[in-house]
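Shown below, as structure tokens, is a lone chain in the form predicted on its own; questions about how it binds or moves come after it.
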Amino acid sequence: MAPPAASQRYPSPSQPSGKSEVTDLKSQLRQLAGSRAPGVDDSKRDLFKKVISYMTIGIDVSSVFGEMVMCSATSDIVLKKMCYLYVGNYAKGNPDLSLLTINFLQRDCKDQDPMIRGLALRSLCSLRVPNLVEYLVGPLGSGLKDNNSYVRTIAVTGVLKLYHISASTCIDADFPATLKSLMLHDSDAQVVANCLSALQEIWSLEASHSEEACREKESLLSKPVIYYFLNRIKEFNEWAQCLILELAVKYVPSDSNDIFDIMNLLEDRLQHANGAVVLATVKVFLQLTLSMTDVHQQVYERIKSPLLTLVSSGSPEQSYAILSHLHLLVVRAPFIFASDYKHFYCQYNEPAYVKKLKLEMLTAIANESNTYEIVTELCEYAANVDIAIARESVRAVGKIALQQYDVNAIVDRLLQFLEMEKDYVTAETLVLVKDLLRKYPQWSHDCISVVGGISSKNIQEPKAKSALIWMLGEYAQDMSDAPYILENLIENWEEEHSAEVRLHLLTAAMKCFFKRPPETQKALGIALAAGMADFHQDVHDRALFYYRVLQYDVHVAERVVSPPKQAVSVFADTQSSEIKDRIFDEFNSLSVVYQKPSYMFTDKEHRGPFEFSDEIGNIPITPEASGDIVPAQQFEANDKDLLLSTDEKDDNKGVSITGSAYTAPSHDNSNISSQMQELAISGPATSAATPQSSFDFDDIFGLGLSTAPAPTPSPPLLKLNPRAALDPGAFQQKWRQLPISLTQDCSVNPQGIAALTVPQSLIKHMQSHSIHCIASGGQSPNFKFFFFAQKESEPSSNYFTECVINSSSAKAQIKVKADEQSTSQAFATVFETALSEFGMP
């Protein structure tokens, strides 16, 4: 069947077919304005619906303003609502047209129907035109005295709107006093609640420049007013109850009897079905009893059951909010919830964010009586298909082990994780075993016997590999293969992209050398040479430091690098007690959910603005010349100048020494001290007289640094596209879709921090390394940048980076997301290298 001809098609009822459509509406409305024919209200409804639909989709229909006002002379409440909606939308942008509405709105404010009176008064106060405030005072005064509670409720809200339009008009009309009288004497609970909310806002704003307002604000916290609200609290809806309970938190009771009276009045609010009311009541109980230790502990027992009920009966979102508050309470009083640990077992159908919080709860309440059951449950989660939850469960077992005294069974469970043959479980376990050995050195024999059987080739995660390397260095005397494992790792130095791992390799090689010098001597020499040629600033500096201290005196180096260690009694907490107390003071707020005080996510200083820079994102950027970067050879030569004294530099001109191959003798514990004595270099008092000692030192370790040029740092394995371009919208979409591949912290050199006063300089610097900025924001001391890069050989392979730099601590946190996650570490190395060179001449 053929489509109808153009002349036969009808326009959509929500889309005008042309400019004449609005003109037709205007003429039709004018015809109906004075008509009283039967069915005229139905016709008006159809036309009003068209006007509202056009207005909704953004078509300007302000030209029919007068006709809409004329058609409002009707008793049909539906027409009234649509007319008020139209008037409220166009009044603020057309102050002159708003004058046309005053008469009919004032007339409607005196209508016999209370619904129309309330709607008209609300629309009149919603005009928000400063020139019309004089017309609001009369209707508001009448509305506050209206016999109908709905009209009084609207009038109270209207007073607050009037205050924000013209505070002086509101105060001069003595509306706050009228609201106070209504609040204390009105029979309708909603009117009372609106009065309380309006007065709190008005007096809070006026208190900055009015002593009377300060006194009135304080009067809300007087005993008669508080008890008046608490005695009527059952009459209010949930929102109003929360408002009253927030007011009660600020009340200072006169004595203990006052406290118990308030708690008795609010006892039944703990059984309320609404979670907000329960949490607000809990906050009142906790704040009132802070000075009464015994009663405060009894409050924990009383509030425990209602909160646990809300966790199990609500939605996942409500469960998470309640659990966040429970976690705060558990941290303050873990023994109170110790017997209820089963409430925090994870359910199979719970979201990951709820499960993670429950694991934190189980960690916090674990003690001697329930540790076995909790650890048994957590071990089950380690085999979970959700890798993130499996990791968290392994961490939870480790945390429990670090806070308990009897850890026999827990250590056995942790070591069993190493036999699960799951890379992520093994990685998390190695990190925990390292911390466990730091606190319980007596378990080193059992742990090392199991760790020694793990192949370093199967460990890919930087933190896990660093933990393994730490154990190889710390317990080299107990692991027969430790020097050879370290030597194999050091020989693959260039393939190791993580600076953290390379730093641990340097330290482990030093520690192993002090324990087993013959077997580690060659590996240490390779590590020091590779470290001093490393392009990462921290790795280079540490290798240079080790080289200097070894050259100064081997025994001094041993005392510095590998001193006798004491067991760690307590690990540092991520949050200070002051911050925890601040969060507790902000109970029943987002601070508890975010686990940080409100100023950290509301103040501009901490949050920082964020803007997408479309110009940077859309323009292909050419790399800038990088000729000002100091070559590695020159950099190493400068270090060599620092390494030797002036006399040595003069004496060493023209001298060339080549290192000979070294064959390590068999390992013998009795020979360690003598080997070290042979390697010991004389101190500063004799070094000037024996310049040859530095050559002997370099020759012993096979470094050959005296005259041989330092090896050039290997270029990054990852090559980036210098002309990469990406649309900001595509960046945002990718950033939301891709998981975080890795998160790393690194240092920013002082010159870079100084240059960061102009953030654009960092953007240009990263561009010179083919890393482009698509968004930036923040202000001192916090700066945030979003970068992207593309693999040169594969344009479809993108890397996305969030870099947050704190200029006061000179630290940067880097989060990397990638289309090809296997190369994320390589890109992170390139990024850190570029960042470490920022600000350098």
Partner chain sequence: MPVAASAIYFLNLRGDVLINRTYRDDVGGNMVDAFRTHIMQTKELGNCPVRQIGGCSFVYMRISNVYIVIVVSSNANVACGFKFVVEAVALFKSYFGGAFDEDAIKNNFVLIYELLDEIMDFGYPQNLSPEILKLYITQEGVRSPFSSKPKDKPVPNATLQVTGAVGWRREGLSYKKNEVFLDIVESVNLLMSSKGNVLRCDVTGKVLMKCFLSGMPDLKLGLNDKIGLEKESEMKSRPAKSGKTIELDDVTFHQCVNLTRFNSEKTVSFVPPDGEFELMKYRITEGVNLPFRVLPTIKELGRTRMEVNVKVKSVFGAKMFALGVVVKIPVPKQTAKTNFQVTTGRAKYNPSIDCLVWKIRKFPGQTESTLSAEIELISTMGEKKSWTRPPIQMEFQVPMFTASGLRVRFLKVWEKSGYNTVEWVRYITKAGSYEIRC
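Here, rigid core means the biggest group of C-alpha atoms that superpose within 1.5 Å across both forms. All values derive from a computational prediction rather than experimental measurement. Positions refer to the first chain, counted from 1.
Absent from the display: the form predicted in complex with its partner chain. The rest refers to it.
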{"query": "Interface residue in the predicted complex among V451, V539, A321, L437, criterion: non-hydrogen atom within 4.5 angstroms of its partner chain", "finding": "A321"}
{"query": "In the predicted complex, the one of K734, K92, R332, R559 near its partner chain [non-hydrogen atom within 4.5 angstroms]", "finding": "K92"}
{"query": "Contact stretch among 135-143, 360-368, 540-548, 150-158 - heavy atom within 4.5 Å of its partner chain in the predicted complex", "finding": "150-158"}
{"query": "Triple contact flag L243, Y353 and S591 to its partner chain in the predicted complex, non-hydrogen atom at 4.5 angstroms", "finding": "yes"}
{"query": "4.5 Å heavy atom contact, M82 and its partner chain in the predicted complex", "finding": "yes"}
{"query": "Any non-hydrogen atom of P114 within 4.5 angstroms of its partner chain in the predicted complex", "finding": "yes"}
{"query": "Contact test in the predicted complex: I52 vs its partner chain, heavy atoms, 4.5 Å", "finding": "yes"}
{"query": "Contact label in the predicted complex: S809 to its partner chain, heavy atom within 4.5 Å", "finding": "no"}
{"query": "Sequence-ordered residues of 306-328 touching its partner chain in the predicted complex, heavy atom within 4.5 Å", "finding": "P306, L308, T309, S312, S313, S315, E317, Q318, Y320, A321"}
{"query": "Core superposition between the shown form and the other one, C-alpha change of Q347 at least 2 Å", "finding": "no"}
{"query": "Exceeds or equals 2 Å, Cα of P517 between the shown form and the other one, core fit", "finding": "no"}
{"query": "Cα displacement of S480 between the shown form and the other one reaching 2 Å, rigid core superposed", "finding": "no"}
